[in-house]
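Okay, here we've got a single chain as structure tokens, the form predicted alone, with questions on binding and movement later.
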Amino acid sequence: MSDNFIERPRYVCALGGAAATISALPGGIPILHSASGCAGNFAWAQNGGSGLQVGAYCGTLSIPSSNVQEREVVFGGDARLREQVESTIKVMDGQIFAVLSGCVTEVIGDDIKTVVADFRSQDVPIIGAETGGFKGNSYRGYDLALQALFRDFVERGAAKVKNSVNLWGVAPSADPFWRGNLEGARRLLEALGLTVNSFFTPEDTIENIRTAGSASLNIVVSHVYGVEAARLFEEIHGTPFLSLSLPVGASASEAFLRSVGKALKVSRQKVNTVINREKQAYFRFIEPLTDCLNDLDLQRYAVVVGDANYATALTKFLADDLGWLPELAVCTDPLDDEEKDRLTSQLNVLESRYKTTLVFETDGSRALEHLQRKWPAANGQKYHNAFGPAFVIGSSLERELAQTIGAPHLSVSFPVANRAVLDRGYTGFRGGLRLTEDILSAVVAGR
């Protein structure tokens, strides 16, 4: 990131991330307490970059908002917020309402907690989160929204239910494939015989979310997103958590199942049975491809550019499942040192033992610069060890990088503006098949 401007942002503000999170809950209705235009600003920026997923009931451009003006800035906006909450509850059909504050209302010191508490005392299912944009990016907003949900909505003191788990770590909209990825991870867990509450899929209900405190384990499929919320959940509800990589493909899914099985003391025989069954089906689909993969020379060097979940998960998949050579992984999130260490450790132990280079660079346009440190440009040399044949997997913003090095390209990490995404996901064994299809289709698309 430049000292003077943000180059090609790959997220929006915390308010945008929180609004997308609440909108994705069953019956979830965000109520913005912010200046006019906030929802419009992040609607197209965030959801338009999330595989054309623009619009939902009380989401994006139709989010209820207090739309504070000069009068509220001078005299305070609490009264205007109360008016907006009352009208929203009266008009909109919701199961949970969430007041989300923006930059302006936080700077002037509006007290959303008192307003929310007053409505909760009237048995309104409402929570509140302070999500001023200066508190971080959309991933931070996702975490703050989850924290408010766990603190103020999930019932306390619930008895633990064996083999019941909560699942999160995939931020709605910030991950364009969030629906499919959550469903893929959920199916893996259900194959072990677990009862899964994943909050955002069509199988989830508001009542299951209300009783989420009964889970015996929380599973966060991220080493960054939702981890602080998991710590708060453990503090309030006494449920421990596992932080695991996004399980993209066969190798990662097997490791995911073994880690969860060990934590919940699922019998090794049952875990092996599930893995063997899934792998048998997986390789029956992969087997017809192997001749083409070898004879048509479809192996590639690769560059991966993505957020904290995808930078490592996609690199692992390319090296461990597809047998490619991911030379460079670029994580574009602003992370602290502890978070960087967590991600670095993930790529130090690739199953294939392939050594890749992981860099943390918030300015994605510098990916080429990092690549050329390992693979210098030809500079007119006739004989040159070129980086090719190559492939770039990242966001829509990496199209330029791909064109520069003459490589095919697939958009997976936010923003994805050149694909339409509905329920497609890359987690699980079948997710690995989908990703293989999409990558190889991009390689042969010009034939």
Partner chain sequence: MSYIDLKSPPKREDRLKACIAHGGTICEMAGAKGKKSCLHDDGERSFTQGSICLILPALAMLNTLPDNVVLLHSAIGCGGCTHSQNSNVRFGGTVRWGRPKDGIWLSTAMDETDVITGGEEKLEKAIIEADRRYRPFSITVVAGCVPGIIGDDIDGVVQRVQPQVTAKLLPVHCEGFKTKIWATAYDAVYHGIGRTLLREGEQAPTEDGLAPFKGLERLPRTVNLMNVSSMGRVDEVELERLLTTLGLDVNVFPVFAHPENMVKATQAALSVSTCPTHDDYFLGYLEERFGVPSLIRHMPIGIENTGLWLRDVAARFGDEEKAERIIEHEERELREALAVFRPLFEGKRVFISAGEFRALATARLLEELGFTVTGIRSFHHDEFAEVEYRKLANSSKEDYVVDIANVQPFEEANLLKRLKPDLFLGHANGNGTAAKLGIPTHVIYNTGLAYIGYRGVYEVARRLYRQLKNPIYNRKLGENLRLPYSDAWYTADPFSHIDQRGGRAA
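Positions refer to the first chain, counted from 1. All of these numbers come straight from a predicted model, not from anything done at the bench.
Below, we turn to the form predicted in complex with the partner chain, even though it does not appear here.
In the model of the complex, the partner chain sits within 4.5 Å of a heavy atom of P415.
Although the partner is absent here, P389 sits far enough away that none of its heavy atoms falls within 4.5 Å of the partner chain in the model of the complex.
In the model of the complex, the partner chain lies farther than 4.5 Å from every heavy atom of D337. Taking non-hydrogen atoms only, S87 approaches the partner chain to within 4.5 angstroms in the model of the complex. Remark: of stretches 302-310, 245-253, 361-369, 198-206, the one touching the partner chain in the model of the complex is 361-369 (heavy atom within 4.5 Å). Scanning Q69, Q381, N385, T404 against the partner chain in the model of the complex with a 4.5 Å heavy atom cut-off leaves one residue, Q69. Note on the partner interface in the model of the complex: the residue among R210, R258, K135, R120 having a heavy atom within 4.5 angstroms of the partner chain is K135. For the stretch 57-75, the set of residues having any non-hydrogen atom within 4.5 angstroms of the partner chain in the model of the complex comprises Y57, C58, L61, S62, I63, P64, S65, S66, N67, V68, Q69, E70, R71, E72, V73, F75, in sequence order.
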